[in-house]
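The chain that follows stands alone, in the form predicted alone, written as structure tokens.
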Amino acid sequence: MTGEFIAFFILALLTIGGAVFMISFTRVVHMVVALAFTFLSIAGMYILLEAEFVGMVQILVYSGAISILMLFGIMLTRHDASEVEERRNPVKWLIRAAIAVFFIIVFFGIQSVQWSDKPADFTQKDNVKEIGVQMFTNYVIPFEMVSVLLLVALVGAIILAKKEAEGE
């Protein structure tokens, strides 16, 4: 068992735990914090896989910008911060058991795969330069469409927040 495997295992647990907590929590602020932990854990996995640029972009865009944007959205909109009392529902326990069985099957499926012993060599290429060349030559239209989509989402969130404030 190597240190890399242990780090991957810990990051995987943090990613899955953050995602499960994000779904399980009832308060929106707690959900955002759990989601930020998930994003940071995924960034750690990228860095562990020697994709440092993607890991840093993950931290800057998702962990930073998206989480802060969600917090601003929460603060600008009116939401009920009261806890919803959860009733015991046997269907939920059945779903949780099915999810646990699914994860066990996936775990043993991944364990049975024959992985190559030779690690990928990323030292020959400059990943950041290659991403920049691809982004601004072959993928410039999707890149611009994503930026327009994010701008429209931001304007829509502001309009929704202003309507709720005027409706009070």
Partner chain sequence: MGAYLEQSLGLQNSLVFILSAVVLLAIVLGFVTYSIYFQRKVLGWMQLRIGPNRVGPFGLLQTVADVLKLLLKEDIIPKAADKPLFIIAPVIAFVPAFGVLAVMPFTDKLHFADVGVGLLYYIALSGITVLGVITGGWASNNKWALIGAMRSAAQMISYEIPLVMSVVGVILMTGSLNLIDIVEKQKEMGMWFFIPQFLGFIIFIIAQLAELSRTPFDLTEAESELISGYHVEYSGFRWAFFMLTEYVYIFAMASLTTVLFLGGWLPPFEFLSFIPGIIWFALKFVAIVFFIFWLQATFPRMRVDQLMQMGWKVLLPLSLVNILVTAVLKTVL
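Numbering follows the first chain given and starts at 1. Note that the coordinates shown come from a computational prediction; the quantities given were computed from them, not determined experimentally.
Quick note: we don't show the form predicted in complex with the partner chain, though the next part is all about it.
Trainee: Just one of 135-143, 36-44, 96-104, 109-117 has residues with a heavy atom within 4.5 Å of the partner chain in the model of the complex, so point it out.
Mentor: It is the stretch 36-44.
Trainee: According to a 4.5 angstroms non-hydrogen atom cut-off, is L49 in contact with the partner chain in the model of the complex?
Mentor: It does not: once the partner chain is placed as it appears in the model of the complex, L49 has no heavy atom within 4.5 Å of it.
Trainee: Taking the partner chain in the model of the complex, which residues of 48-74 have any heavy atom within 4.5 Å of it?
Mentor: E52, F53, M56, V57, I59, L60, S63, I66, S67, I68, M70, L71, I74 sit within 4.5 Å of the partner.
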